[in-house]
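Here you'll find one protein chain in two forms, each presented separately as structure tokens under the names structure 1 and structure 2.
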Structure 1
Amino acid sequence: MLDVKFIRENTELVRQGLLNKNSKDAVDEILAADDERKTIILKNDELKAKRNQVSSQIPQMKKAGQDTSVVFAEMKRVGDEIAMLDGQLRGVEEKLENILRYTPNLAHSSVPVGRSAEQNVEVRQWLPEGFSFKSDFKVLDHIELGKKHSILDFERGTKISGSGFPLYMGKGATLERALINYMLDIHLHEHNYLEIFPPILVNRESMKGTGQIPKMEDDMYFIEKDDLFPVPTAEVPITNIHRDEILAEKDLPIRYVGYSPCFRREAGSYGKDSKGFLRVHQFNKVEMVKFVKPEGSYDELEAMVKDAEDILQALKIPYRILMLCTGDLSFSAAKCYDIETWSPAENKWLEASSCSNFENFQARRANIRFRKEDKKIEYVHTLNGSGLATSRLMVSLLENYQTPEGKIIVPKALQKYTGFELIG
């Protein structure tokens, strides 16, 4: 969450930052609540000082034989007023925290200002040698390919769970598993991440820590009986590994990578293209998470994007990198790059990864700090990135690797994981 001291010292910067993120200007509301909090604390401190002063006089009064009943009555009145103010303070602090939890992070100064995805900026493209956006044969989409080879069954997935829950069959299931294992191995052995296999149910504090709730709670699945959430991304459990901890400066940066299934209700996606893998409620993702010192966080963001790119280049999947504008940034992100892969059948780019720097926004919510060599304690910067999400990547893989006969060539990098070179 944002720091109230920073908001107070940079009110116009924060106002503009919230406007740039298409968010409500909550600055006045935040400062008013903080002023009320300070007033109560000041009054309470004065009363406690008065109580302490009077308390120190009682022994002398008793020793001198003086009547202390009036003093004790005054002490009770002061004590009651302190208790009342304590209650008021808890209410105001809860109000302030609630406002801050609904207030998004501010965009970094390098992020282009824009209202929506149309203002995102393409940074670069990478195309395999010999690639063409036009095919000389009729391209089947991933749904047709899945049916043709009995590797994807969206109809039975719908029967089992509902729409948006895909079912992988046979070589499709093997290919999905191979893709996950391949990505994990690259991140472990070439990019020097530490593997994490996290829980896929998390508590409310974990979801608050990374910023999914309360703002986006409607988009999350929820198990009411146990007050637990199926993870929307492995970012949530992995980031919360260090919630309420103070890390050692010498241990930073910490780089974790982990696989998890992900669950999202996609509550705001009505009317969007939802066929096949284009919009699902359950999908698989390999997630990269970093805890770093503030001064190096943007270098770490660029390195994280490169780590995701290495996967796509090895698979020879065409992709492009977008820098998101302020209005398209997520609630918690200060800067984000989307990596989109090409779908020949859809004739468009599909998001397969997002890599974000949250600066200290998540760390403040989750209370993740580090102790510097000079003993000072600061909040870490947290980053995460998909390395990568498999659903839309699978669309691009199947469609780009199909032959004129409708068979699917398995990318060379995956063949030792699948045990086969061709589907069909």
Structure 2
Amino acid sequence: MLDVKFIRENTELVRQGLLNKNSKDAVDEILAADDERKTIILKNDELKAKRNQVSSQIPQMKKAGQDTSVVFAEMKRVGDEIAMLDGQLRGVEEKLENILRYTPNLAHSSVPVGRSAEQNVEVRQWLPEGFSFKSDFKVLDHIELGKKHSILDFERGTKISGSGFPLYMGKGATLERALINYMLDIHLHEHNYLEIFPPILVNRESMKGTGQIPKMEDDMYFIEKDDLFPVPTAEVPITNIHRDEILAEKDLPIRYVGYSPCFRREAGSYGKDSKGFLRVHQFNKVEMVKFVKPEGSYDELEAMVKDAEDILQALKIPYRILMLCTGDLSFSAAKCYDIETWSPAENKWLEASSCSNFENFQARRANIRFRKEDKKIEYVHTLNGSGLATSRLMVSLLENYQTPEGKIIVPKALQKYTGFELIG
């Protein structure tokens, strides 16, 4: 959520920022609602102050045996007016809140301006030694590989749950588990995160806190009976750990990492990249979340990307880093890097991670603050990034590690986690 005060003091900047994010310019609407709100508050607070003042004198009047009926009648009128203003105020605040909830965060000044994904900027590429985009043999895609070795069974997954619910079997299941454990261990022991194992069903407040609601509500699974949402990412429960809290400056930065399954309805994207793992309703992800002081947040973002890259380099999987342009940035993000891994069979890059700095946009929504040395209270900056999502990673892993005979070598780094070196 943007700060109205900031909007008021930087109207042109905000206008341009919203345009850059392909959002409508709601500045005038916001300021008008805010003006209206302030006018009502001014008048209302005056009346309330009067009522409080008179009320405090009534006990003395009664003690002195004075007649209170005139005062009571007067205060009754004041009370009615307050009730009316309270009603108006609620209306305006609701209106303002509604506009703000649908107003996206502004991009950081270092983000390239652009309308869509085509204007994203490739920052760097990392390829393992001896890697070539052209293979000497006919590569199988991850679905064929999965079938050949009976490690992935999309048909039976569909039978059990529906399309987009992958079933891992045998060494496939072990490999998936190994990946998750490996990534967690690296982040814990080498990158200094604290491990979190969060609840997977969260309430409405939590979904609002991180901003999945209201804008993305259609994309979320929802358990109506209990008013709970299966999480679309561990970002939701982990960020909400500190919802409505005031953190101590000395505790920052806080760095959490946690694994969770992720559930997404992917409403409206049927038929697009839908085969196998490319777009699924349930997948596994290790997520990094940081709560930091504003001044260090962009350094923390770079560090977070590096933390995700470390995993890919250790696994020797080719990847590239994209800086998203303003038009492709998500609703809450001020800056975001996508990490894409190479799929030889698809002959394209697949998004396996997304690391974002939300600045204080999410913290405002979730009300996460910290107390500075001088006792002043300020919003923290929140960041999160996948470190990483296993589904797309698994595609790249299986395809890049296949041999000409169609067997799959387990990456060296994972072998002590799997207990085997070869599939097939």
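Note that the structure is a prediction, hence the values are computed from the model and not measured. Structure 1 provides the reference sequence; residues are numbered from 1 along it.
Chemist: Which depiction, structure 1 or structure 2, is to be taken as the form predicted alone?
Modeler: Number 1 is right.
Chemist: Could you check how many degrees the smaller rigid part rotates against the larger between structures 1 and 2?
Modeler: That works out to a rotation of 23 degrees.
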